[in-house]
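Take a look at this single chain in C-alpha cells; it is the form predicted on its own.
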Amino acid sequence: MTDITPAWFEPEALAFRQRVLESIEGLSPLALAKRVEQLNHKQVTHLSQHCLNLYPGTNIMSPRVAALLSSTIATRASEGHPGAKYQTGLRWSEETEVVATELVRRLFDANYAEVRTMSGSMANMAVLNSLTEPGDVIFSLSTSVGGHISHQRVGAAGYRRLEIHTIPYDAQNWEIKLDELRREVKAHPPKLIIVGASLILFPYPVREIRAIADEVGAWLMYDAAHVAGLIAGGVWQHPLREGAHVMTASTYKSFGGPPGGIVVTDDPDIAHGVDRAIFPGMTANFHTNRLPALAVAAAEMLAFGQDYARACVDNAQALAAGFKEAGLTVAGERQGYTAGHMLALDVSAQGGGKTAVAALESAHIICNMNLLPWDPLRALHNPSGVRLAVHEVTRWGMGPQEMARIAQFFGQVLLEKRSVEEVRTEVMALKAQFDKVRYCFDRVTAQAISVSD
C-alpha cells in the first residue's frame, strides 16, 4: 500500500511518524497487536509509576472507575432517553444512565444535567448549537489569556460560523475589564458570552458579567473544564449560583472521572435544547461504559470531593511558595498566585516554555508550555509560560511537604542545571512512595464487584 504523507504535519511530527512506520515495517497482524499492547503498557507505567504528572488537562482515575471504563458495554448503542430507547436489551444500562445523570445533577446543585457528551469540547458545541445560529455574535476570552480553542475560530465556535469578539482583559492584574466589556457588548450585542479558560488561576466576576449580558439579552456560559472538581468540592465559585445560565465541564481533569463532558443548567429550555443537540444532533452511541464510570466518579466526589478540593488548593499554595523560594518566577504573585489548583511559571528567562517543559520531561516531570496573558499569539510555539496543576499528585496522596520537594526539582532543572539523570532518579523515588489513589472508594477490580457491594 502506498503511503501518502500528510504534508500539513509539522516537520517533527513527520519525522516521528516516519520512525514509527519504519519500526513496524513487515510485522504480522499478531505482532502489530502485541506491539500496541507493549506501547500501552509502557505509557501507563511511565505516567502512573515513573513520573510526577502536573499537566492540568489530565488526572488518574480510581481503580473502581477504571475497571468500569473497561467494560464491554462500551460497544452497545443506546439512542434516546432511558426507558424509551430505540434499542432493546439495555435495561440495566438505562438505569445506570439515570443514576449518573442524577448524581451529576446533585453534585452541582443543578436542576438539569446532560452526561452523554464525549468531551468538554463536545459539551461546548452542544451549548453553541442550542443557543446560537450561524452568524450570531459571541464574546469569549482570547487564547493568550487561556481561552479554550473551542471558543475560538479554529474550534467549535468557528465551525458554528459565529462572529467571535474578544473579552477585554487586563493581563497584569489577571482580570476582565468590565467597563470595556460593557461598551463592547453594547456596540456588538452578542447572543452568548463565554467565560472559563484552560489557564484559570482566579475566579471570574460572574455576577457582574451576567448583569452586562442581561442588558442586551445575552446568555452567559461558564466553561468549567478545569475547575469542575473544585466547584464540586465547594472551594471555587459556583457559576450557576452566581448567574451563569449554563455550565459545561470535562469529567477527567480535576473531577477525576472518565473521559467525557457534562452540561448542567437550571433552565429547562436550555436543557431541552442541549438534549436535542446531543441526540440526534451530535451523538448516537455515546460509549455506554462511560456512564457507570462517571456515576462512580461522581459518587466519589460526593463522598470525598470537599477534602480533595481543599487539599488541591493547599498543595497549590505550598508549591507556589516552594517555587518562589527556589528562585522561579510565579505568575500572579500580587494576586496570591492562584485561588485553585493550577499555577503558571514565567520561564522567559530560562529560554521559554518549550525549552523548559522539554528539560522537565527529561527529569520525568510532566507539564506543558503555555501562553501567558502578555504573550503575543505568534509566541504560541515557545511561549513565556509553563502551566501546571496539582490535582493528580494530590490524588496520589502527596501533601505540602512533597510540594516543597517538587519545587526543588524545578529549581534544579531550570535554574541550577543539575544533572537531569540525578533529578530523574529522585523524582522516581518520590513517586514510588505514592502508589495508591486516594479520595476514592476501596480498591476493587471489575471481577471483585458483586451485587452486595
Ligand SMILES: Cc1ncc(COP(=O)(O)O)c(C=O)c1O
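Predicted, not measured: the structure shown is a model, and the values here were computed from it. Residue indices: 1-based, along the sequence shown.
Below: the form predicted together with this ligand, not depicted.
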| query | finding |
| --- | --- |
| Stretch in contact, per heavy atom within 4.5 angstroms of this ligand in the predicted complex, of 228 to 236, 374 to 382, 251 to 259, 279 to 287 | 251 to 259 |
| One residue of Asn368, Gln350, Ser119, Ser71 in contact with this ligand, assessed in the predicted complex (non-hydrogen atom, 4.5 angstroms) | Ser119 |
| Answer option from Ala197, Ala316, Ala295, Leu181, heavy atom within 4.5 Å of this ligand in the predicted complex | Ala197 |
| Contact flag, Ser140 vs this ligand in the predicted complex, heavy atom cut 4.5 Å | no |
| His148: touches this ligand in the predicted complex, heavy atom cutoff 4.5 angstroms | yes |
